[in-house]
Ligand code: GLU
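Just one chain is shown here, as structure tokens, and it is the form predicted on its own.
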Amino acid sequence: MSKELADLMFPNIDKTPEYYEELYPKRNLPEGAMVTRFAPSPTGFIHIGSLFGANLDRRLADQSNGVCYLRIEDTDGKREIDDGINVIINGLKVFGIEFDEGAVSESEEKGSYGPYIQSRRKDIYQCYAKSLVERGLAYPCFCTPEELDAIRERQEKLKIVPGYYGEFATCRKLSVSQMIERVKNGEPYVVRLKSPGSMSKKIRFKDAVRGVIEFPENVQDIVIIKSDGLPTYHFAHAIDDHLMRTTHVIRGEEWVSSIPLHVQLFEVLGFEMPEYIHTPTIMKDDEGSKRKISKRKDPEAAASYYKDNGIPKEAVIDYLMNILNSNFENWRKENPLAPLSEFKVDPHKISSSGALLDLVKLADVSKNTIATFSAQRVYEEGLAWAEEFDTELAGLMKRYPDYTKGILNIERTGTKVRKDISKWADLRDNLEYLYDEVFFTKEHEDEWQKITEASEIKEILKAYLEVFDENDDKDTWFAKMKDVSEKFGYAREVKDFKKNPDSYKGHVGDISTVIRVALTGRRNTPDLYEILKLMGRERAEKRFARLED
């Protein structure tokens, strides 16, 4: 009679599990190859935690010559947003994460293990559910919402574990003939798993990050097929990971509590379980205490935050690797120019506690990353960002491309590489004072430091222009700077001033500060010699002349 019940519940299902086992055979991959999947719901923006997981999916597949695919879990239609699949695909592409198989747009897929969008796999889930009903391992549940509420209220009064199990699983006690009759009568129902679990038994499970964990067995008769015919997350997860031949399931630690249920589902369905890697939750320091990063409270929770602020994708991924694997930071210091593919992720070195998102640390990582870029690359990527987020700056960069690249090339090579840019949003502050259009339209609060007397400043600038030659090499240029210093009673060397401070008014650094501030309006800039060489005599004279009034 169980077969009669199954046929009545799933009249349009004519395939068997064996059919799908043949349709989706084991993958022909090298030994040790990992098959990983990123399986989001199309419900909104890419969260930093999702980027964290997708990056790990991609890394493990790449380093093992495996496959990383994108599966869209869209069986909860109420939470979906328009164009949600493209939001996911394009949001990850910004950070260089693309997939070997899976959805490539709202309507297209690639790969031999699809459909990769769950709503298009309805018949597959119903096939396996039908098989479970035939074997007496699942049944229709006709309980109304009011009846389920009554069960919960009773459990609350008894102060026992809530849920549909044991004596509370009322529809489980129906005979097959009663079930058949009620289905024939058109009563709405869901399909529940008939859990074989026992409250007195425990399971031992090995997680790649947390090691061996012990749990009570699952005893809940969970819903596996909803009243609309679509599967619940747990049921679809087990079938998809099996048929798509996933070897490693990477997901957040919030899913650890689902392990007993998932173990049971794989056993009931006769599937071999993949390995599980439960990654730590992304946390934030909030006034000395850690809390889970929040979509509602924290703008940095959205992956788009990093693009909008102009943090290069390489820096974001490197930072995520820092909080993912404890040995990555040292590896990167030793291999600053090495491609990420040369680092091997070790799941055993993933922290089992919350990963702290530190924007200050991210800025440091980003500075180091941008310091490895050529001036041409900084110009191109900075301009692409500015065209979207700072059109005025973009206009200046495009109007003076060679001059801008020259500015960006200052201290770009050598033993001491500049690290004053942590994001493309910093470019305005790093560039604008060197464009005359900006410099001469702003009021400057010149911070002269030691030399503040206007007449002395004018005399120093006049004397400097008399010896300035933009074609001088750096040693000749600095020797002339020392000559000017000596002329005005300042030590040629800082060490001489420190040795005999009463013999001098100051040192050559004070003179160079006057030149720097007069030229740029700032005390702190990249190398002064390089700036003067780039600007040339005519621009320097114009900038010095502003102080003559």
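These figures come from a predicted structure and were not determined experimentally. Quick note: we count residues from 1 along the sequence shown, nothing fancier.
The protein also exists as the form predicted in complex with the ligand; that form is not presented, and the subsequent description refers to it.
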key: Answer range among 458 to 466, 211 to 219, 173 to 181, 249 to 257 for contact with the ligand, defined in the predicted bound form as heavy atoms within 4.5 Å   = 249 to 257
ask   = Can you check whether Tyr189 is within 4.5 Å of the ligand in the predicted bound form, heavy atom basis?
value = no
request  = State yes or no: in the predicted bound form, is some non-hydrogen atom of Pro40 no more than 4.5 angstroms from a non-hydrogen atom of the ligand?
outcome  = yes
task = Using a 4.5 Å heavy atom cut-off, state whether Asp364 contacts the ligand in the predicted bound form.
result = no
query = Does at least one non-hydrogen atom of Tyr435 fall within 4.5 angstroms of the ligand in the predicted bound form?
reply = no
remark   = The listed residue (Phe266, Tyr233, Tyr403, Tyr165) that reaches within 4.5 Å of the ligand in the predicted bound form by any heavy atom is Tyr233
note = Checked Asp100, Glu73, Asp207, Asp426 for heavy atoms within 4.5 Å of the ligand in the predicted bound form; positive is Glu73
